[in-house]
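Have a look below at one chain only, the form predicted alone, in structure tokens format.
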Amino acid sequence: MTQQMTTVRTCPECEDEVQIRDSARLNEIVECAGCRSELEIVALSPVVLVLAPEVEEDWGE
């Protein structure tokens, strides 16, 4: 049985700990368990998190 490795980073919104799987990919969206913010992985080495951009309402118009 293999154990999934994780990296711990701080949420830019609430400063809670966010667990990032080592298999995470660039631009992947993860959710902070503390404040429920959606965070985007913008770098992998080291892992850097930023608040994910809001979805635009008029994308289909």
Partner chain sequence: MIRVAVIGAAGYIGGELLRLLITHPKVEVVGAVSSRFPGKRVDGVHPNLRSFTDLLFCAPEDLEECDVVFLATPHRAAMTQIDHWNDRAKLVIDLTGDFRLDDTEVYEQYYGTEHAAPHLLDDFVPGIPELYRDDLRGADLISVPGCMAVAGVLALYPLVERDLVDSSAQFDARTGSSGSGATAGEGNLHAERSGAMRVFAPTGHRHEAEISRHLGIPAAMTATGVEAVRGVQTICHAELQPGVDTSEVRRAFREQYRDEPFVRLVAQQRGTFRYPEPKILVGSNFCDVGYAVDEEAGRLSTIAALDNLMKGGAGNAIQCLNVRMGWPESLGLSFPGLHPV
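Positions refer to the first chain, counted from 1. Please read all numbers here as calculations on a predicted model, not as lab measurements.
Not pictured, yet referred to below: the form predicted together with its partner chain.
*Asks:* Using a 4.5 Å heavy atom cut-off, state whether Glu28 contacts its partner chain in the predicted bound form.
*Replies:* Outside the cut-off, so no.
*Asks:* With the partner left out here, check for me: in the predicted bound form, does some heavy atom of Cys14 sit within 4.5 Å of its partner chain?
*Replies:* Flag for Cys14 set to yes.
*Asks:* So in the predicted bound form, does Asp22 come within 4.5 Å of its partner chain, heavy atom to heavy atom?
*Replies:* No - in the predicted bound form, heavy atoms of Asp22 and its partner chain never come within 4.5 Å of each other.
*Asks:* Within 4.5 Å of its partner chain in the predicted bound form, which residues of 31 to 46 have a heavy atom? Give them in sequence order, or say none.
*Replies:* Stretch hits, in order: Glu31, Gly34, Cys35, Arg36, Ser37, Glu38.
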